[in-house]
Structure formats: structure tokens, C-alpha cells
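Shown next as C-alpha cells: one chain only, the form predicted on its own.
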């Protein structure tokens, strides 16, 4: 049985990827703060706050009782809020870094003992915001640019382990995330969840020796602003 870990599995992309992995025959440990509605014999719903190092340690301790090795690790948990620079407080900025960047650091550090040499596949949902700056999203952009650097460094550090890294730089995807943002964006210019899963399925089924180093995909009309 192959094992996958998905962070942020309670909704949106995280839930969709979890369901897809279960359909492919994986056992999946999903980590989230609020829990997941998924009911499946091979799904394990674990409490996880990636920004809290103690929570991450407890997550991996529980995971040890389920499996010793992870085939696929999905780095998905994150937050995204909008604010102009002038209206952003230090706490607002720090929350994005704590979840999107420091949280990834916590998870990668704890993952190391579960790596399978020349096999484990780490897929990270970075979004196009790791490459392309959006107005009123300085905190989010900074956290995603930081995550990109973190992943590139760890990839080189784990080179001898043969761990495969796939960063996904997706454009805007029509999920409930956008319901809570102050600006009214055109949903017709966003990718659909099925579009994302089309790419995800391609990546997850790629042969072990094939590394997709830089995959950017977005709506044909380009970046959303």
C-alpha cells in the first residue's frame, strides 16, 4: 500500500487532492486544523496546525503508528488574505510567513525520517504568487517567494536521497478561498478545480525518474489582477 500525506486536507485543493489520491489506491493521512468530512477506509484524519511546531511533532508521532514510509507528500496548507501595505499590521504579515513558509519548514523537517530513497515525491502547491507579485498581497507573495527558496535549498540538501520535488505554480483557481477576499475577482478567468486535478493527476502518475522542475499553469487569459 502506498502512503500519502496531504496538509490542509479539510477543503478546497487539499480535499480534492486527498480524494483523488484515495481513488488512485493510496492510504492518505490528512492534516488540518478543522478536520475533514471525507469518509474512507484508507483515510486518516489527523489534527495539524503547521504553524505550531508542537502540533507538527504530534502529527508525525501519530503518523509513525500508521506507516514508517511516505511515498507522496503534498505541501498544501496555507493562508491567503489581502491588504495594502499601509493597512497591513506586523501580525498580519507574520501570520502568512508562519503558516506558508515556517509551516512548510516544520513539515519538511519532520518528514525526513519517512523518506524513501530514490522514490519519495514532494509536491508543493506554491501558486503563481511565488513568481508573480500581485497588488495588496505583499504578505502572501513574500511567504510564497520564501517557500520557493526553502524548497530549492532542501532539494539540493536531499539530492543524495533522490527525493523528487515538484513545485506547482498554478494561477487562480475557483475555490471557496475567494469568497473571503475583499476584492471581487472574475471567476470566469480562473481555473476550475478539474483543471488543477488534470495537472495533478499527470504529476502524480509521472515515472519516478521524471522530474517536472518548473510547472506554471493558469487560465488562457493570463494572470488574474
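Positions refer to the first chain, counted from 1. These numbers come from a predicted model, not from an experiment.
A second form of this protein, the form predicted in complex with a small molecule, is not displayed here; the remarks below concern that form.
- Taking the partner from the other structure, the small molecule in the predicted complex has a heavy atom within 4.5 Å of a heavy atom of residue 77.
- Contact check for residue 9: a heavy atom falls within 4.5 Å of the small molecule in the predicted complex.
- The shortest heavy atom separation between residue 13 and the small molecule in the predicted complex is within 4.5 Å.
- In the predicted complex, the small molecule sits within 4.5 Å of a heavy atom belonging to residue 171.
- In terms of contact with the small molecule in the predicted complex, the residue from 139, 125, 102, 122 that brings a heavy atom within 4.5 Å is 125.
- Contact with the small molecule in the predicted complex, judged by any heavy atom within 4.5 Å, is made by just one of 175, 42, 62, 67: 175.
- Within 4.5 Å of the small molecule in the predicted complex, a heavy atom is found for every one of 32, 49 and 144.
- Heavy atoms within 4.5 Å of the small molecule in the predicted complex are found in one stretch of 84-92, 109-117, 149-157, 126-134, which is 126-134.
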